[in-house]
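What follows is a single chain, given as structure tokens, in the form predicted alone.
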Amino acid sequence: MTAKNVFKTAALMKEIMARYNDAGKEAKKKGIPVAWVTAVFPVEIIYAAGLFPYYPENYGAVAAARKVADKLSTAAEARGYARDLCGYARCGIGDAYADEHPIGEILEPDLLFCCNTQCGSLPKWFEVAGRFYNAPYFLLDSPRVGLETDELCKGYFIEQLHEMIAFIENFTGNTFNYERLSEVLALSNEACRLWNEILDTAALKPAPFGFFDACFHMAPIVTLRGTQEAVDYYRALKEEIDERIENGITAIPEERYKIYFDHIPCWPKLRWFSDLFASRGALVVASQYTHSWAYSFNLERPLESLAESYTHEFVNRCFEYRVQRKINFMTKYGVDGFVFFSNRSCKPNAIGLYAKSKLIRERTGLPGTVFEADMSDLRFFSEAQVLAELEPFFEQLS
């Protein structure tokens, strides 16, 4: 995150995301339906149907990164919404009611799609938004999964995908194009492959790329997955990282330790955390958050492979799966310790972190710590409290 390590492709990413936001506004003007979708959702179907997918969670992340989440949250709280709600939801709801729009107005939906794989807050947020904007809403229900997904769960999800396609056909009056879906899935496969190859370079020592870099460069894999733009972007980023490896350019000046971080970053303090870890010679190399888009689709079995991918997410899995997945990341990236973020805005990811931390320390022998804050709202962030947790951890590393 230092000036030395600014990526050339950073300017391209900003340009791509500006075009994406402009395309959403143009879609409204041209009568192309704008569909709100959640981050973990089979957006490939939305692209194949010719709708414009819009991510209100991304709106919340941008508001947080620009340090205005507290203002939007206050507008939501003034309408009776609790401070304990997801920060992204408070930003989206707050902007709907606010007189001022510090990062521009959130794009109004013509219809809404939500998959509850991530959490239970998103479905309620989208339900509220559907009533507010008077737009139809489809909930894609993902079952709870243990260590493995069984055929019953997969079949249940596939039936819903058929229902969702019928819902879209009824709204648009157009027959769904399965050939177009195969084209979109092929592009999604390629973007995901490139993204995960990029993330894997963090395992090199010293590494040219880390978690804080990934937080900046992840926007296209979320919002543009299934498009040529995403493929082109990650090809360019991969080429630049390969050049950095060849020229010995590293993510931080003197890498001494590799750290696993869980889960969503604290967006308004991203630079602060990046500089803090770098000053200790610690590179945060991996997080299940940035690795959440590791999909691989079978074009011969499109709906089946969509079901297999989108029911395998983290939050709807059992405790043991969550623990083992973290350990697998730690082993793959050869980490020296781990830091868990108990995020008051994202309780499904924060729940059980102290128990997981204890269990992982016992199983791996690695040092680890847990700190508490909020991913978006600086009213719930204390540098002193965070440092009180992290400084002893850094001492353990050394």
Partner chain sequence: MKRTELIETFESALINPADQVRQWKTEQNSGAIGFLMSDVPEELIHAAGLFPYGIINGKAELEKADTHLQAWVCSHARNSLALALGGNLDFLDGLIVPQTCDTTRMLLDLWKHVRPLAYMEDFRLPRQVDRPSVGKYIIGELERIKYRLEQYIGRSIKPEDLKHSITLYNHNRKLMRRLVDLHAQNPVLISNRELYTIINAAMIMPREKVNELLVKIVSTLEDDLNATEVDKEHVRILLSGTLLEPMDILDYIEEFGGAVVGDDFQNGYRYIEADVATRGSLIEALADRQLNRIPSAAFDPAHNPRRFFLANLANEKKVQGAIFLHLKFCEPENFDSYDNLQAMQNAGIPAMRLETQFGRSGLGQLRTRVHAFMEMVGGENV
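No experiment lies behind these values; they were computed from the predicted model shown. Residue numbers count along the first chain shown, from 1.
As for the form predicted in complex with the partner chain, it is not shown, yet the points below apply to it.
Trainee: Work out which of the listed stretches, 227 to 235, 309 to 317, 204 to 212, 174 to 182, brings a heavy atom within 4.5 angstroms of the partner chain in the predicted complex.
Mentor: Heavy atoms within 4.5 Å of the partner chain in the predicted complex occur in 309 to 317.
Trainee: If the cut-off is 4.5 angstroms on heavy atoms, which of these, A278, L111, I93, I106, is the one near the partner chain in the predicted complex?
Mentor: Checked against the cut-off, the match is I93.
Trainee: Report the residue, out of Q118, T223, S274, Q288, that has at least one non-hydrogen atom within 4.5 angstroms of the partner chain in the predicted complex.
Mentor: Exactly one listed residue reaches within 4.5 Å, namely Q118.
Trainee: In the predicted complex, does L359 have a heavy atom within 4.5 Å of the partner chain?
Mentor: Although the partner chain is absent here, L359 would touch it in the predicted complex, with heavy atoms inside 4.5 Å.
Trainee: Hey, in the predicted complex, is K332 touching the partner chain, heavy atoms inside 4.5 Å?
Mentor: Output for K332 is no: heavy atoms all beyond 4.5 Å of the partner chain.
Trainee: Though only this chain appears here, would P348 touch the partner chain in the predicted complex if you measure heavy atom gaps against 4.5 Å?
Mentor: Flag for P348 set to yes.
Trainee: Closest heavy atom of R131 to the partner chain in the predicted complex, within 4.5 Å or not?
Mentor: Looking in the predicted complex, residue contacts with the partner chain include R131, since a heavy atom lies within 4.5 Å.
Trainee: Can you confirm whether Y97, K124 and Y137, the three residues that make up this candidate site, all sit within 4.5 Å of the partner chain in the predicted complex, judged by heavy atoms?
Mentor: Every residue of the spot touches the partner chain in the predicted complex.
Trainee: For the stretch 68 to 107, I need every residue with any heavy atom inside 4.5 Å of the partner chain in the predicted complex, listed N to C.
Mentor: Residues within 4.5 Å: R79, G80, Y81, A82, D84, L85, A89, I93, Y97.
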